[in-house]
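Starting off, we have a lone chain in the form predicted alone, written out as structure tokens.
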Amino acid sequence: MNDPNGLVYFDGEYHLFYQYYPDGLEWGPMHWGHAVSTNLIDWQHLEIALFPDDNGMCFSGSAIVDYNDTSGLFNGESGLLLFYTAHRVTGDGHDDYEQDQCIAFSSDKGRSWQKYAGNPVIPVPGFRDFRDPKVIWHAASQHWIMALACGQLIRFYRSENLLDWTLCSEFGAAEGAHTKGPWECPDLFELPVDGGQGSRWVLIVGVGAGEDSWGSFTQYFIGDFDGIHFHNENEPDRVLLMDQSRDFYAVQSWSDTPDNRRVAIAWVNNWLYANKIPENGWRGMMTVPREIRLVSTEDGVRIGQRFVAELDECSYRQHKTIVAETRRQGTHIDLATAQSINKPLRGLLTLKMEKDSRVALYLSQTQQPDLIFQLDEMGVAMHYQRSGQNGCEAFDRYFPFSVHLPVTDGSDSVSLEWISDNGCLELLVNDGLYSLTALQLCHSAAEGHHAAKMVVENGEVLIEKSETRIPD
């Protein structure tokens, strides 16, 4: 599996579709897999929703609830609409393909799907990379808006009936990050800014893997969308990353969620090695769903991320808490003990650090720390490192990496929320202003030994709060 698709909430269920190849463990003719949940945590797999046909494979896209039967496809009732890209191979060359935009619809809560007889709703435009439709309702202009990835640009289309679409603008020339790979998987939404400072529009864009050491990654833009044009409020060359690590791609958010929450999920992988990661009868996973918000910082409005609150409703077999304890150099603190059955670990940690102190966290790797926090006169800096190899040249070249970045400006405190699951580590630093999501290749700790620990390597730190949970 790869990209999450068609995220929509309808009649008590969260729908998660995803790019899926059921007949192999490497990328192949794309279907849409389908799962549903009532709580974003426990998922039920349903039958495959979309299959390739004479129009091509079914590439990424989005979903909406057509509450008022605007499309005329539901006989006056409400229904679900999927928007997807049909991808057709036209020759033997790597670049011999064409793409257009199509619709499928369901009148039975997504249990069966019918492709629209009038497909495509937007035909081939005359260039190759033309994909991943994200459709939203824009209340101010009273139009449906479609954001499409078109080479190194995002095109915006508008419609009154969800079937007939008109091009209204383009965004992206000389804006943000560009590689040799295409832009992909746009998302578009408006959110209030924490603190009551109005609202902003967010445009999320996946940047396809270039021939470099980083591969595919996710950037975002903050600004205004008036129903026709997106206006970036930052300098054009400012690159804002949703994640500072390697494996956070094809981000999409749910439409029609209760209480106007903006909940998003991403594919945990990177196209530089996606087909070569170790497998165990399956290959590919999603992040834990996260709630997205906007935060006002000294540098401008930025995205903040939190794991969804539904995690707090889970029951736990192990729960360890440390509050207001000072630890000095050489101290080892066990955060959780390994269980006989692999279970995800969830942790919360808030530290107040003495100058020149250094703390190492072993959250998924046993031979080296995943994360190091160090305080100097500039504030707290974070260092993340990952190792791993499997004998594949591309994997061994690109998978190991490290990243170093400041996470506070003069402050001596840092907070961390983390989840370590079977093969994945998700880190949210300083209330989610920094995110690091990474595949992990390591042997689990033996039962009865630490599954996560903290080591004070230098100086002194105050553990203001540490909480670690292992679910039932």
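The model shown is predicted, which means the values in this text are computed figures rather than measured ones. Numbers for residues come from their place in the sequence shown, where the first is 1.
Unshown form predicted in complex with beta-D-fructofuranose (FRU); subsequent notes refer to it.
Colleague: Which one, 184-192, 294-302, 312-320, 75-83, holds residues whose non-hydrogen atoms are within 4.5 Å of beta-D-fructofuranose (FRU) in the predicted bound form?
Modeller: Every other range fails; the passing one is 184-192.
Colleague: Is every one of 370, 385 and 424 within 4.5 Å of beta-D-fructofuranose (FRU) in the predicted bound form, counting heavy atoms?
Modeller: Verified in the predicted bound form; spot residues all out of contact, no.
Colleague: So in the predicted bound form, does any heavy atom of residue 434 sit within 4.5 Å of beta-D-fructofuranose (FRU)?
Modeller: The answer is no: residue 434 has no heavy atom within 4.5 Å of beta-D-fructofuranose (FRU).
Colleague: Given that beta-D-fructofuranose (FRU) is not shown alongside this chain, does residue 131 nevertheless sit within 4.5 Å of it in the predicted bound form, heavy atom to heavy atom?
Modeller: Yes, residue 131 lies within 4.5 Å of beta-D-fructofuranose (FRU) in the predicted bound form.
Colleague: Wondering, does residue 27 line up within 4.5 Å of beta-D-fructofuranose (FRU) in the predicted bound form on heavy atoms?
Modeller: Output for residue 27 is yes: heavy atoms within 4.5 Å of beta-D-fructofuranose (FRU).
Colleague: Although the partner isn't part of this model, could you tell me whether residue 418 comes within 4.5 Å of beta-D-fructofuranose (FRU) in the predicted bound form, counting any heavy atom of the residue?
Modeller: It does not: once beta-D-fructofuranose (FRU) is placed as it appears in the predicted bound form, residue 418 has no heavy atom within 4.5 Å of it.
Colleague: Check each of 271, 362, 144, 217 and return the one that places a heavy atom within 4.5 angstroms of beta-D-fructofuranose (FRU) in the predicted bound form.
Modeller: By the 4.5 Å heavy-atom cutoff, the listed residue in contact is 271.
Colleague: Taking beta-D-fructofuranose (FRU) in the predicted bound form, which residues along 54-86 bring a heavy atom to within 4.5 Å of it?
Modeller: Contacts from 54-86: 59, 60.
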